[in-house]
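In the block that follows, a single chain appears as structure tokens, in the form predicted on its own.
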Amino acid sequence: MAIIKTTDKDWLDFQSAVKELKEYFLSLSARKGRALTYNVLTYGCQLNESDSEKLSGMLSAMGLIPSSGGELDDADVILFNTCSIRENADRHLFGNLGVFKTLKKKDPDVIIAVCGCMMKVPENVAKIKKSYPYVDLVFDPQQLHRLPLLLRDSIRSKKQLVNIAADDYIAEDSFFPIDRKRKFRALVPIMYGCNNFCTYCIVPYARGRERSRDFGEIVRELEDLASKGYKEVMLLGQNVNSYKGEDGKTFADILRAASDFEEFSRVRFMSSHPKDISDEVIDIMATRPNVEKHLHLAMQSGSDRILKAMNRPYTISRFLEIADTFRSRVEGGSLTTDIIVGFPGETEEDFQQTLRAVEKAKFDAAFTFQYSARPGTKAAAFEDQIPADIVTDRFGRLTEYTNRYAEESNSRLAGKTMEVLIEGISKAGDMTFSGRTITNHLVNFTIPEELGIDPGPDNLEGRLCEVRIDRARPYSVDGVLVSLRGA
């Protein structure tokens, strides 16, 4: 596959298509007697969230406004940004697509588009062609920057347009109008794709090969975000530590550059691969006050035999060595991980080795998954698939282990007063707010009336505060706000 960067011509074509679509939607709006709306439904990871911010920005540039109705089918342009990593995302997509057949018959002007990682799996594209002919447009993640051109061509032809590229494109974020969803947090992809080819993972096929953005462009984006008042940036990539700039820059250079902006209270990053994490990055985490003291490092299994079958090029002893280095150098740092149970060929002894590794690492939190075969991956063809009842049993036992250490981690915060970056109203409601410590612990807190603080989200979101931690839960802690910083 070739890696192709966008050109000045691509930008001119982009602008021309946006202009034509804006005129089309303005005419359609006049005919319908109301403003036209769009709805972008996002499945999957933070990279998909970042892509959806760009998709939303492009649709807004075409003169559409976000739908406020809260229903799947209440918009004039409905775009599904899909994920092929999680099985539930597959089911949700095809379940949701079914409701639009009647809508499309009722209003042929409604546009339905599907993009994202699922569209790099031929079986999924074939299913849409066969069972959902009323879907207007299908395209893959590498062609995000071509949405205006593809949407224009679909409208012109009045036929289903399927465009799946064989090449890996890279378009700088400056190419896009971006509709950032949080006023304090900015998602900043620094690279796309993956070269690791873990046998269970579809990402290299769905997202393409590793493509690193230009270092100078990233720094310019960070400078712009700092000037606009963003308090937190999250550096994103399938594997951020494998960033390789054309001028020899590494991820450590990007992390250092981002933390140079004092306007950022938090500099975060996701995700790291054990084979690429460097001592230099860990030292930056330890010494830069605004770099999050949290490392997410996917272990996946505690068995060297299973790691090899997964094509994970490290041993469990090497993984634990990295964990020990992080713990010793980053004072109070938190370590989280991903673990898969029931990978083909996993024996009870392999699973016991995973439990022993969890016991040694004492992860502050773990995202645990039952293995499910993803079409197009090598592991899907392995013969020694594990029966579902055994996978479920092991998953339950693993969750007991990981929850225990997560609650212990949270319990160590009880009684302390912690700095928290406020994210907004908690899911718990009842005027409870939530935020995160610099170690990425989730904090839910209330605001005493005697402090006289305006509890409106616009007043609090993105601000730093001090919270006294009173209670630990398995996945979060509860507390009371002590003081609020800044104007």
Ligand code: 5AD
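Don't overthink the numbering: it's just position in the shown sequence, from 1. Values in this document were obtained by computation on a predicted structure and should not be read as measured data.
In what follows, reference is made to the form predicted together with the named molecule, a form of this protein that is not presented.
Remark: N410 does not count among the residues lining the named molecule in the predicted bound form, judged by a heavy atom distance of 4.5 Å or less. A residue is said to contact a partner when one of its heavy atoms sits within 4.5 Å of a partner heavy atom; D260 fails this definition for the named molecule in the predicted bound form, lying far away. Using a 4.5 angstroms threshold between heavy atoms, T336 stays clear of the named molecule in the predicted bound form.
Under a 4.5 angstroms non-hydrogen atom cutoff, the named molecule in the predicted bound form lacks R211 among its neighbouring residues. Proximity to the named molecule in the predicted bound form, taken as a non-hydrogen atom within 4.5 angstroms, holds for one residue of N163, Q370, T287, S174, which is Q370. Proximity to the named molecule in the predicted bound form, defined as a heavy atom within 4.5 Å, holds among R185, R374, R152, R394 only for R374. Shown alone, this chain has one stretch from 198-206, 356-364, 287-295, 93-101 that lies within 4.5 Å of the named molecule in the predicted bound form by heavy atoms: 198-206.
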